[in-house]
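Here we start with a single chain on its own, the form predicted on its own, put down as structure tokens.
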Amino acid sequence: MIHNATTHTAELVSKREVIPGTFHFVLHAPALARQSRPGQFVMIQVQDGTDPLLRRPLSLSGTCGDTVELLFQVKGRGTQLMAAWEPGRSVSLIGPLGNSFIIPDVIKTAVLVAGGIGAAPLLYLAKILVESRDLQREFFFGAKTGKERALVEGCIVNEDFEYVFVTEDGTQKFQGFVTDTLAGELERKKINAKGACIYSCGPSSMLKKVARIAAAYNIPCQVSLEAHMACGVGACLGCVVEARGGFKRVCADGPVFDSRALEWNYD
């Protein structure tokens, strides 16, 4: 899974605060851009020295030519330090790490389901789907408030996907949880399970519901898991999840899994 992973020295080309506390970075990293695939991630050194000691894992949200894109939310000291970076800064990254989403040759319908910052790897996947395949494309995006629309506004999703935006605060057409809307739309559109695939990333509670819905409709489903990571290469066993037949490392065995391979412990 990690045979292409190497250390890269990248340059921060541009920085944009998409919404308060959420940033979009573009970094010049030609070799990394060539090697990367949707679903993979990088481990970023926040600053020189040993404080913070550990690198921070971030999903790749896209590539363009010699650049890679990152979309991240400030959640702790490491990402807070990153938010203060300015263009021109030299950045050390290890990657690409982990596996990637699989696009079957027979796919006819792709259903992408993102929750909040979980949109990052799915935006990358969306671009690849548009560039490589002529198929039915659906994108479901769930967020707490309408302001989070900016995370996907202006992206390829808005132009080339059937786009459904669901908010918990009721400021959009669809209110509630994205999983409730997903189930209703699958039923209404009579999505044919043959040739369809669901791709999802977001909070674990959302992914559990997406996996349940996929199983109910007999649609193959790939989920990208979010987890705290220390090494990023499977050595420390700090990001294991329960799977059928044992435990899996999110960093090395994932972060993308067939939803049927995981033990969701349905209630």
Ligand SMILES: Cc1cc2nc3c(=O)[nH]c(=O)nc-3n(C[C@H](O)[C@H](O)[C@H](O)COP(=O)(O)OP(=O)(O)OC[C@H]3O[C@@H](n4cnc5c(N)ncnc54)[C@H](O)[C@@H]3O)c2cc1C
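Computed from a prediction, not measured in an experiment: that's the story for all the values here. Residue indices: 1-based, along the sequence shown.
This protein has a second form, the form predicted in complex with the named molecule, left out of what is shown; the following refers to that one.
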| said: Within 4.5 angstroms, counting heavy atoms, which one of the listed stretches 167-175, 74-82, 129-137, 103-111 is next to the named molecule in the predicted bound form? | reply: 74-82
| Between the options L186, A196, I117, V91, which residue brings a heavy atom to within 4.5 Å of the named molecule in the predicted bound form? | I117
| query | So which of L225, V26, A33, A211 reaches within 4.5 angstroms of the named molecule in the predicted bound form, heavy atom to heavy atom? | reply | L225
| Would P38 show up as a contact with the named molecule in the predicted bound form if we use heavy atoms at 4.5 Å? | no
| message | Even though the partner isn't displayed, in the predicted bound form is C221 close enough to the named molecule, meaning a heavy atom within 4.5 Å? | response | no
| request: State yes or no: in the predicted bound form, is some non-hydrogen atom of S200 no more than 4.5 angstroms from a non-hydrogen atom of the named molecule? | output: no
| Does V241 make contact with the named molecule in the predicted bound form, using a 4.5 Å heavy atom cut-off? | no
